[in-house]
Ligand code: ATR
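Below you will find one chain, with nothing else, as structure tokens; this is the form predicted on its own, and questions on how it binds or moves follow later.
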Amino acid sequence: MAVNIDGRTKVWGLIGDPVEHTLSPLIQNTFAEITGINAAYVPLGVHEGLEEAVKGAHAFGFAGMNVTVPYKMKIMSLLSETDEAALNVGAVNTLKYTPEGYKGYNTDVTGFVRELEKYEVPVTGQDVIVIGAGGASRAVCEGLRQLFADHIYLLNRSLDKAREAYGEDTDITLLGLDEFNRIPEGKYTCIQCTSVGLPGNEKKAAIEDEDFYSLIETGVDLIYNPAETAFMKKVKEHGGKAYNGLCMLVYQAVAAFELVYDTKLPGEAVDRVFEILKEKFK
């Protein structure tokens, strides 16, 4: 895939540290190529000087930016405006240019919601289990609220960290990882939001106890590499359905592209990116 750059090219990219392994340029430049939009997406590693980087990007007229760790929260004070969903999450992952400055959004929420809709995962009016209390978990919980889930049982290794993030939320019950037996008997949708299961630790699951998996009817792991995590394997072994986070990755990128360029991506562009990534992670 070649990106043709000229004097009219609209530049944007990913702010973070590190950014060397990001898939966002592959995804976003594929979208631009298929739609014919004259845009180029590049990794923008920012080791320090976040404020200067944001001001510089705005001065250059960058159409927008994505934001990844460790800046999703820090960048919020540097924006001219922040979308309501991003405020609810307390983190921003997409910036859109305005003359006054950048407006912040959280397309992780949109990506997660679209994944559940794609796979027809039932959550409306139901209780849901969430594993993890980090930034990804915040986006997931906001998405579950948008889909009108009834109640969330949130399991985390550190209860202090969970209380710090969710202590004011009356629709969330906070439990330690080993306290899943306090969840009423039943069958639940469970969203796995921790980094346990990534390459180098792919044989591990955040919760190893086999009894836990008897509670899960449908499991969604936000990890997409490996394509099948230990969490997913355990869910399937206990008769449940399991999905990885590839759809969330793609759909949050779709939402970002559509926001920044005020467009609607055609289905063939999204399908093409899915094909590329499935081949990469099969």
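From 1 onward, residues are counted along the sequence shown. Bear in mind that the values here come from a model prediction, so they are computed numbers and not experimental data.
In what follows, reference is made to the form predicted together with the ligand, a form of this protein that is not presented.
- The closest non-hydrogen atom of residue 187 lies beyond 4.5 Å of the ligand in the predicted complex.
- At a distance threshold of 4.5 angstroms between non-hydrogen atoms, residue 141 is out of contact with the ligand in the predicted complex.
- Taking non-hydrogen atoms only, residue 158 approaches the ligand to within 4.5 angstroms in the predicted complex.
- Residue 136 belongs to the set of residues with a heavy atom inside 4.5 Å of the ligand in the predicted complex.
- Of the candidate stretches 125-133, 78-86, 110-118, 94-102, only 125-133 has residues whose heavy atoms lie within 4.5 Å of the ligand in the predicted complex.
- In the predicted complex, 177 is the single residue of 163-182 with at least one heavy atom within 4.5 Å of the ligand.
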